[in-house]
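Listed next as structure tokens is one chain, alone, in the form predicted alone.
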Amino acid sequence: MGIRFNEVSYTYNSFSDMEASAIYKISLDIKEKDEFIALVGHTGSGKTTLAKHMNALIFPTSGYMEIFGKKIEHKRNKKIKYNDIRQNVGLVFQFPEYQLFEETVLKDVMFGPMNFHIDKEEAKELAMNAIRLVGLDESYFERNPYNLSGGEKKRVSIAGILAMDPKILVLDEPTSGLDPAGKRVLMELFLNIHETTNKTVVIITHDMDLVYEYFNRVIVMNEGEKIYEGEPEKLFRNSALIEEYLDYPNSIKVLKHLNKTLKLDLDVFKKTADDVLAEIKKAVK
């Protein structure tokens, strides 16, 4: 069993003392293994609030959750070890600085395992393996994490969560601020982690190109409600939903534009640049 949302709603108090709903009656199942999920929607749609519920960082206002067999409701239950939940469901924040605070990369990545009472030598081994898994070599072990590039900081923050060996990995906008090449490097990293460990990975993103190319399941949020759940292919063929709430990937946009301006009959549902080029060449021939 992984994560189950059962009619979960969450409200917060605004500055005017009025309650506002962040998510509303969300029912959702996320398996423990083998899922690669995109969580999408406009800013303020409830994505991050939903993600924070996944490792009991916040609690439902109404409804309840089941996280690896533990029932999570509005009130904190003293019988539940919430640290166990947060070890099973690792959450990587959008801004890596929120998770970096030690003087060296190795110490920073070791912190999580040691916080779960793993002895120092084992924590060190876990940390070194996690650092290598995110594509950084031994030369980073003694470097100050605050002196790294933005992309390197993201990798270190991800390594800090991976070192705790979570069953489910949740990442909030991990590719934000990166150029297209940097985004793809990180996405290949997450896909490799998913494929080599069978871990379920949930990624919050605004990038429809990445959603279309990489993920096998997508959840769309709008104004706190889940409005779509299913395969990306079916999502992008739903023109009414896309045009009202999201946007098409660039590959589809290009082919749609060519069809419209040149009166062609191209198959617009192509995921990669190579697929787009092949479809254009076929039409030219």
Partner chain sequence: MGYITIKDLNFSYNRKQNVLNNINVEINKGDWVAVLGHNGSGKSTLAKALVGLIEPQSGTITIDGLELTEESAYDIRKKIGIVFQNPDNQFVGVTVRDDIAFGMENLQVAREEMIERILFYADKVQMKNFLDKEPSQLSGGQKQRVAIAGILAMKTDIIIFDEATSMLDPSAREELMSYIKSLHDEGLTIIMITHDINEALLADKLLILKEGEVFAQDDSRKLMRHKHLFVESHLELPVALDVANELKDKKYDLIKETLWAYVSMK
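Remember, predicted model here, so these are calculated numbers, not experimental data. Numbering follows the first chain given and starts at 1.
Same protein, other form: the form predicted in complex with its partner chain, not shown, and the subject of what follows.
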Margin query: Considering non-hydrogen atoms and a 4.5 Å limit, which listed residue (254, 57, 28, 227) is close to its partner chain in the predicted complex?
Written below: 254
Checklist line | Heavy atom within 4.5 Å of its partner chain in the predicted complex - residue from 216, 250, 238, 61 | finding: 250
Note to self: Taking its partner chain as it sits in the predicted complex, is residue 178 near enough to touch it, meaning that at least one heavy atom pair lies within 4.5 angstroms?
What the structure shows: yes
Checklist line | residue 258 within 4.5 Å of its partner chain in the predicted complex, heavy atoms | finding: yes
Item checked: in the predicted complex, residue 101 touching its partner chain (heavy atom, 4.5 Å) -> no
Check: Quick one: is residue 284 in contact with its partner chain in the predicted complex, heavy atoms, 4.5 Å cut-off?
Finding: yes
Check: Which of 75 to 83, 159 to 167, 118 to 126, 178 to 186 has heavy atoms within 4.5 Å of its partner chain in the predicted complex?
Finding: 178 to 186
Next item on the list: Report yes if all three of 43, 264 and 276 come within 4.5 Å of its partner chain in the predicted complex by some heavy atom, otherwise no.
Entry: yes
Checklist line | Change in CA distance between residue 98 and residue 91 in the predicted complex, which is 3 Å or more, as closer or farther | finding: farther
